[in-house]
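This document opens with one chain alone, in structure tokens, the form predicted on its own.
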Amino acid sequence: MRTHDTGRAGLSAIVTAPVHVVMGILDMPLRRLQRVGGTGGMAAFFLMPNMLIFGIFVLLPFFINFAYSMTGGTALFLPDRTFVGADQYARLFDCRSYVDPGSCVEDTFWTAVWNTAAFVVLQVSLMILVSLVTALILNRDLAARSFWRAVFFFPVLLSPVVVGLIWKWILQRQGLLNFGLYGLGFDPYVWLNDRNWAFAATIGVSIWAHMGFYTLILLAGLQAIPKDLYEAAEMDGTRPARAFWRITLPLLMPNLLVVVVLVLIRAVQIFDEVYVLTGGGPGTSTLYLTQYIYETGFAAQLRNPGLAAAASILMGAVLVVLTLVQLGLGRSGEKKGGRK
């Protein structure tokens, strides 16, 4: 027994020896840095790697994208492009009526905007509703509860391209859905060639692919609510529906706010699975803003990176505004709840 403990201690010393060497080397300069800069200097030092990554991969591309939005032409590299100021933004907003995309110079852009707006309203509402109901069900004492949680989370692990291919195989004319309907005596239908069904399919597929992630966030919030509150409400004769509105929903609001922000951002940026599933068709019925930006900047025969950059800047600005509004509403709700 002693021999075994001695061998384990020796192995532990061998493994930790390099760590002690590295820590000894870093100890002296870090002590000097703390003496010179104090606590604030140490905090800045440890934040510097993250700030560098953020600057290189977020801020720098943003400024480059903004510079592209102020240029014109089809050249890809920024030094080869012509400065046009705000002409790209003016072109996007050159409309007689914003409600009628056909009256706009960039009619495809406004078609994508209204398609995206309709998609966001429906998808975000249904995503939150389905995720909340699923979380409430999974929070109950179910048989094989861990199994069902894994089942609902599994689609999140799939690549968006794989998701699009799976559902394209299901919804195509000779797909699994038509096979089942044919067995029941119905005629096959080309679902993705119908504008309304194709639009509905993009909403349904996106909910199926991502609801597991948001369900887990809400489920974590539900499990953090003390059981004593429900027991006290039950002793007072409170109905389950009233307990949900008075206990569950207010205490779940922080998690719900996070879910709303994440779902909204994801919905506005929808691209991968829709591009694989419908390609924006039939016609432009499922053409969303991110696909318009991609095709304008990279896939079109006469590509226009400046116009695509301007559209992406506008999309980012709208996302920032919507996120700030949601966070402001969430904080005001918390303050009102605290006063009560």
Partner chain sequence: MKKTRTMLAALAVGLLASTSALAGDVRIMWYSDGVEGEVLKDLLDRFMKENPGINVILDNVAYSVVREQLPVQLEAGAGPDIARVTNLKAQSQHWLDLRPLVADPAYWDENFGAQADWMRPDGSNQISGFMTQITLTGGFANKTLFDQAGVAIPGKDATWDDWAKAAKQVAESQQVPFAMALDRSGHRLTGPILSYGGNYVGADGKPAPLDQGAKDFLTKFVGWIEDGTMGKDVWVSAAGSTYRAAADDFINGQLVYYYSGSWQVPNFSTKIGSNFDWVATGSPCGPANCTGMPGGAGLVAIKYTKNPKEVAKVMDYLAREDIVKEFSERTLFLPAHKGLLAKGLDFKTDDAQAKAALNTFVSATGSLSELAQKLPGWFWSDTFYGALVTRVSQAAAGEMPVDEAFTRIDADIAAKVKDSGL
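Residue numbers count along the first chain shown, from 1. Model, not experiment: these values are computed from the prediction.
What follows is about the form predicted in complex with its partner chain, which we do not show.
Check: Does its partner chain come within 4.5 Å of any heavy atom of Met70 in the predicted complex?
Finding: Result no; Met70 lies far from its partner chain in the predicted complex.
Check: Gly283: heavy atom within 4.5 Å of its partner chain in the predicted complex?
Finding: Heavy-atom contact with its partner chain at 4.5 Å: present for Gly283.
Next item on the list: Consider Leu287 of the chain shown here, and say whether it contacts its partner chain in the predicted complex, taking contact as heavy atoms within 4.5 Å.
Entry: It does: once its partner chain is placed as it appears in the predicted complex, Leu287 has a heavy atom within 4.5 Å of it.
Notebook entry, point to check: Do Asn65 and its partner chain come within 4.5 Å of each other in the predicted complex, heavy atoms counted?
Noted result: Output for Asn65 is no: heavy atoms all beyond 4.5 Å of its partner chain.
Notebook entry, point to check: Since the chain is shown here on its own, which stretch among 236-244, 120-128, 256-264, 187-195 would lie within 4.5 Å of its partner chain in the predicted complex, judged by heavy atoms?
Noted result: In short, 187-195.
Item checked: Option touching its partner chain, based on a heavy atom within 4.5 Å in the predicted complex, out of Met42, Ile53, Ala299, Met28 -> The residue in contact is Ala299.
Margin query: Looking at Ser146, Thr74, Ser97, Gln223 here, can you tell me which has any non-hydrogen atom within 4.5 angstroms of its partner chain in the predicted complex?
Written below: The residue from Ser146, Thr74, Ser97, Gln223 that makes the contact is Thr74.
Next item on the list: May I ask whether Thr202, Ser206 and Asp272 each come within 4.5 Å of its partner chain in the predicted complex, counting any non-hydrogen atom?
Entry: The answer is no: none of the three residues contacts the partner (heavy atom, 4.5 Å cut-off).
Check: Taking its partner chain in the predicted complex, which residues of 106-123 have any heavy atom within 4.5 Å of it?
Finding: Residues within 4.5 Å: Asp107, Thr108.
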